[in-house]
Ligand code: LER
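Quick heads-up: it's one chain on its own, the form predicted alone, in structure tokens.
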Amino acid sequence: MPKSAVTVSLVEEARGGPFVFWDGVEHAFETAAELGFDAIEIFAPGPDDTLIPQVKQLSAATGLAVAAVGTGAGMVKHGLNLTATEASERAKARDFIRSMIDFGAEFDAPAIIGSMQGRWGGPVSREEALGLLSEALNELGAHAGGANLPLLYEPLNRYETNLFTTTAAAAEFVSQLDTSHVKLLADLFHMNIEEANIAAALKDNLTAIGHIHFVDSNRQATGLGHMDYEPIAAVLQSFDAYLSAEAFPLPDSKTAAQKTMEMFRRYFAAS
């Protein structure tokens, strides 16, 4: 049975992006606990050591886990990605992600690679970019495995990457890595753009998936778009990981979180 999670962003440069909570981890933990969530997914500016004791204290006080930590600040704040032209920039990107893996390990939470995967083009061919991505995922996946955690790789839609946009293609790529510690993050918003059948794509690749962004077709909270959740929920009844709301805080953060929990409880056993 899946578990519920909701996102909080602490990255001011990403203000206006698709994260439910924006007013600090204390507000996020307290509101999520009030609404019955199981966990918080944290989008942090970097591996902030001062944040660790606060999150651990809030986790203990509320009973909420940390579902995952994002690495997108590496792109948003520093312009880093794993397939950049310059080797020095790729090394900085790997270092940033490695530090976020270590940060997440403080809470037994995996790190997510989404926007930091980059794209191919210009002097970097698709073949070269995929080679660089494979090299990075092998190295970083092994590092995550050393903490007994997966590394979550997220296929994005065509407007955000030209590497992997479908679940099947990403699953095939990950299956050929040397490490077994890389799992997919399946985001329903991206899937709504790229998949012919979302439920079928999930069913066919469920063993490769370690995390899901539970969101509607318009990147708003579940129930505020036109996503058909009935067949998706049928596939996910046996999914033993998090369904996390990476959604715009519309009409406001608490309502977006409430709508998410309403849909979660409609289709899955209450947390």
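As the structure is a prediction and not an experimental result, all values here were calculated from the model. A residue's number is simply how far along the shown sequence it sits, counting from 1.
Although it is not shown, the form predicted together with the ligand is what the next lines describe.
Contact here is defined as any heavy atom lying within 4.5 Å of the ligand in the model of the complex, and by that definition each of G114, D187 and H190 is a contact residue. At least one heavy atom of E246 is located within 4.5 Å of the ligand in the model of the complex. In the model of the complex, at least one heavy atom of L156 sits within 4.5 Å of the ligand. The ligand is not shown here, and in the model of the complex it never comes within 4.5 Å of any heavy atom of E139. Though the partner is left out of this view, E172 does not reach within 4.5 Å of the ligand in the model of the complex, counting heavy atoms only. Proximity to the ligand in the model of the complex, defined as a heavy atom within 4.5 Å, holds among D178, E160, D108, E128 only for E160. With the partner left out here, the ligand still marks one of 141-149, 98-106, 164-172, 114-122 in the model of the complex; by a 4.5 Å heavy atom cut-off that stretch is 114-122. Residues of 217-234 that come within 4.5 Å of the ligand in the model of the complex, judged by any heavy atom, reduce to R219 alone.
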